[in-house]
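Included below are structure tokens for two forms of one protein chain, each presented in isolation as structure 1 and structure 2.
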Structure 1
């Protein structure tokens, strides 16, 4: 009897090891597949875009016939993308931080309203960006507004708002109660308590900004109807602005090969900007994380 039990135990142990090895292999295969696709995309962009990339393309705005293969650059799209990313991130932080503070540190733990809020943001998170673009366009028509930098900032800000809220919320809900109760017991004001909490959740805020920047700078659907497109650099919120995703879209649609290669060069610039912003955010995140308790 003991021998039979011992054999069954060994078989169960062997099955568990086999299962563990299977899922480990599956995870490694998935990681290699994703990395391979990423490297292939970067290789394609660099191979086709690097020969067309030059200082003139980065430092000049389009001149007449740029989209027919003549002189000029995409400085207007680079500046426009940076304007929209910075503006939309500031817009969404101003709205998302009070919301996160309210649902985590004002509502009760078992509040039904809190769960409804989170569920709503999860739904908004999954809505396609073209819907946000169409919604922003309809609202602008209702108020008699034209496509402009401000319209692009607000619409992209709405797009990244659920990302910002849910990312910060996941960190805020893990803040220990002692960190909230201790300042109150010492007679601190709510504003002072919020300053302590913001320091604690700063890595979450940085992660939210990283995710938002990546989504905001690469999205074309939200700005297609709301930000417009122009060959000049906007000097006010009421003017139309160009963006890198739309510049890539318009150049790729050209039948001229030289213009198509410029689209890959623009994609390379977009990738480099995202990389610089990501590395900068990680650097500042580490600096600010020193204050974490």
Structure 2
């Protein structure tokens, strides 16, 4: 009797072990599949884009229209994207930095207002870019503006504002109390104290900027109505401008193979830019943790 019970117990244990082994292998399988999907994506983009990637691609603007033209490159889109990104990042950092500083260093520790703010930035973060795009367009029409570089900058700025706020907030909350108290004990005003703190969290701000740049450069739906599309490089704020994602999107719709190839090359360029940005964001955030007090 005892022996049988012991055997049953052993079998149950073996079953449990089997179940665990089964699920563990499933877990490893899914983790590996996620990694391999990423590698596969990069591989297929490189394979399609590399043959048509050449110097002409990044040094010339398209000739004969982006839809039917066979010659030229995507310089207009690269420059356009750079303009949009620089403009929108400056725009959103001017707004987000004071907000984060106010929430973290002016409001009381357990204030309800602080929670309300963070909560609403989280919600703003979730709003899809097409809604930002449509809303931006509505506002622009209300003020009688046409699709332009400026419109694109402001709308993309709005889109990355919550990202910027959330990631700067993440480092600002971890500022040690001593750093907040010491300048004030020496008689500085809060504004002067904040200047000290900003210097301290600079690597964190850099990471936030890189993250936002990554998002801003890749987003197509916001600039679709607000920045327009053109074959030339804009020379002022009220001209339309091309961007990389839209260049990919429009050129892929062309029936001509050369133009489609240009889209694949553009996709490769965009992927490389984004990979560099995300790697340097990692680098900076590691640097930040090294300087921890």
Partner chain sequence: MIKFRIVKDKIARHTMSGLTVLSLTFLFLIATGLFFKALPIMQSKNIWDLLSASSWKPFKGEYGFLPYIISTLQVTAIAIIIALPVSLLTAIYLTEYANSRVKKIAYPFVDVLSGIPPVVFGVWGIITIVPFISDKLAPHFVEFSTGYTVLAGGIVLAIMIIPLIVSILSELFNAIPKEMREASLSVGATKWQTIKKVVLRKSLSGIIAAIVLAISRAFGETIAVLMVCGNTAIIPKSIFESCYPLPALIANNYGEMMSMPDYESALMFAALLLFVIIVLFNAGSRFILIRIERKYAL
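Every value quoted in this text rests on a predicted model; they were computed, and no experiment measured them. In this text, the rigid core denotes the largest set of C-alpha atoms whose superposition between the two forms falls within 1.5 Å. Positions refer to the first chain, counted from 1.
Student: If I had to pick the form predicted together with the partner chain out of these two, would it be 1 or 2?
Tutor: Looking at both copies of the chain, structure 2 is the one that matches the description.
Student: Does superposing the core leave residue 122 with a CA shift of 2 Å or more between the two structures?
Tutor: The answer is no; the displacement is under 2 Å.
Student: If I superpose the two forms on their rigid core, does the C-alpha of residue 182 end up displaced by 2 Å or more between the two structures?
Tutor: No.
Student: With both forms fit on the core, is the shift of the CA atom of residue 46 between the two structures 2 Å or larger?
Tutor: Not so; residue 46 is displaced by less than 2 Å.
Student: Report, in Å with one decimal, the C-alpha displacement of residue 12 between the two structures after core superposition.
Tutor: That residue's C-alpha is offset by 13.9 Å.
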